[in-house]
Structure formats: structure tokens, C-alpha cells
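In the block that follows, a single chain appears as C-alpha cells, in the form predicted on its own.
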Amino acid sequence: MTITNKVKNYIGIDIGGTTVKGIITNYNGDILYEDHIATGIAMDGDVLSNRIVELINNLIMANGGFKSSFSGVGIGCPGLIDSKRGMVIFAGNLGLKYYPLGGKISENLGMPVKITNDANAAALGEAKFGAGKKYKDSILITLGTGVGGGIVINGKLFEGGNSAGTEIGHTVIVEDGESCTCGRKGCLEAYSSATALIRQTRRAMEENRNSLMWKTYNLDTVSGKTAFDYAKTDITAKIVIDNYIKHLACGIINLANIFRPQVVMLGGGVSNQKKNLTAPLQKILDKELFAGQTYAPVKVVTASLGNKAGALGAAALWL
């Protein structure tokens, strides 16, 4: 399949724990071609970079084989990333530490490469092509195994000092609260991730064995949607969801009061609840946002790009 070009296109790479996704996109965010490879297990940096180069070459061949057709390659990578130097400072799941991933790929390809954290890439993707495309200032919060996200200000990705900022999940919302994987207590991630919601649901079931959830589920089958499914019929489930939303709203309001974005977008598995999640969050935000919603309103919406956000955002590093 050959893709004709009147203007240059962009390559976006999203590195996940099991799969590396690659896309060709144009200025409008239309995905013209996509491919993927397995990330692999316990690979060193050189093996991973060579596999990504192979994936990118496959994408280039799908575009007629001309590197000049592209402005560059963008990469979203998990971990702490020094985007200026193109270096992965630390990515535990990939086994990388102070590895110049961007530079290695650029050298092997003979093309310019930009790299950022994967959550930052997803935030930029939603800002440019997804739920945030109508706004200049936006925040993405992903509610999955952990809580991540990114911040876009005046259409540009904000990464903080040395690209090490915007760790949204590790802002404290409950002093001396639940233990977090980062070593602190009371982090937003410890209360608002899908992992936390599952833990909270199981705990409530064990404490309230007359609940419908306890009678219907065993603890091993509980998911992030269990309490939402029963929230209208089971008081135990309703309490779980009310507390979950209260804690998530606290984190959102903190971010909104600092950055005052026009929109906060929610991604990750929990966001599949859509209005069941966003409507009560919006209600709390409307009530508690500093100075109210009249002058500088903030909307809460669900993200729209799903698992395409990271690759699209990586490509958008060149826009």
C-alpha cells in the first residue's frame, strides 16, 4: 500500500509494556497506516531500539520508501524521559536506565527523532486531535493501573524541569493516607487508579457481606466497573463510588486551581463509565473550583482517542 503525499506526514511510535505501536499520520491526525511489534521481555536498549527502527522502516516502506516524505519521528516511552537529550533516564518495565533511545534510533534511521513520556504523548494527542482539540489549555488524567497524564498549555506540551514534571498521580490528596507505589502516602494514584478502585470495592465487600456485590461476586472477579454496575441498587457499592469520585474530584480541583485549563480529560479503563463518572465530578468541580465557573470555566470530559492517543501525540511532537 503506497500513500501519496502532497505535504509531509509524521511517524508516531507508542512504546507499551507488551506492544510497540507505530502509525503514519498527517497534519489533521488522520491515521494513514499503522503497524506494531512485540516489545519483548528483558531486552536491552540496543535490541529494543533496533526493533523500533525495523518497525519505522516498515512504515516508511508503506509510504513509498521515501524518508523525505516525513518531517520526523515522534516517540512516546514509559518512564522518566529527558526529551531534550532524547534519553530514557529510567524505565523499569523496559529495563532502561540512562539510555539514549532517541539518539540511537535517529542515528540508525538517518532521520530526526523526538521523544517524550508516554502519558505526555497521550495528553498531546488528545489536545491536538481528540477531546481537547477545541481548547488551548488542557489536562489529561489516565485512570488505569496507576494514575498518569499530561498538561498542555497554549497548545504546547508542558513537561516541567528536565522533562521530569507532571506526575499527576503522585500529588497527595490525603495526608498520611493509603500507601502509594512511589513510597509516599495519600497520593491521587492510591485513591483514584483502577487498582485502587478494585481494592476499595473488595474491602467494602468484605466489610459488608450482606451487600449485593458480595452475594454476586467473589473477590477474584472484582473489576474497576463492579461498584459502578451496582451503585444504583447496592448501598455498599454507592458508598464506594461516592468516595472514589470525591477523591478524584479533589485531585482534579487541585490541578484546575493551579493550571486553570479549559478542559480536564479522563482516559484509561475507568473513563469508560463516561457520564456516570464525569457528571458527578463536574458537579463537585462547579461547586468547589476557586472563584467559581463564571469567569474561567473548566469542563470535565472523557478522552476520545483510546489507545491511539499515545502514537498520535508522539507524531504531534513535530507539529
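Predicted model only: the values in this text are computed from it and were never measured. Note that residue numbering begins at 1 and tracks the sequence as displayed.
What follows is about the form predicted in complex with another copy of the chain, which we do not show.
**Q** Between Arg199, Lys215, Lys238, Lys136, only one gets a heavy atom within 4.5 angstroms of another copy of the chain in the predicted complex; which residue is that?
**A** Among Arg199, Lys215, Lys238, Lys136, a heavy atom within 4.5 Å of another copy of the chain in the predicted complex occurs only for Lys136.
**Q** Another copy of the chain isn't shown here, but in the predicted complex which of Met205, Ile151, Leu96, Ala119 has a heavy atom within 4.5 Å of it?
**A** Going through each option in turn, the one that passes is Ile151.
**Q** Please identify, from 63-71, 27-35, 267-275, 285-293, the stretch that has a heavy atom within 4.5 Å of another copy of the chain in the predicted complex.
**A** Checking each option against the 4.5 Å cut-off leaves 285-293.
**Q** Does the 4.5 Å heavy atom contact test between His247 and another copy of the chain in the predicted complex come out positive?
**A** Within the cut-off, so yes.
**Q** Though only this chain appears here, would Gly165 touch another copy of the chain in the predicted complex if you measure heavy atom gaps against 4.5 Å?
**A** So Gly165 counts as contacting another copy of the chain.
**Q** Look up in the predicted complex whether Ala279 has a non-hydrogen atom within 4.5 angstroms of another copy of the chain, and give yes or no.
**A** Outside the cut-off, so no.
**Q** Could you confirm whether Gln262 comes within 4.5 Å of another copy of the chain in the predicted complex, counting heavy atoms only?
**A** Yes, contact at 4.5 Å.
**Q** Let me know which residues along 173-192 have a heavy atom within 4.5 Å of another copy of the chain in the predicted complex, or say none if there are none.
**A** If the 4.5 Å heavy-atom criterion is applied to another copy of the chain in the predicted complex, 173-192 yields Ile173, Val174, Glu175, Asp176, Cys182, Arg184.
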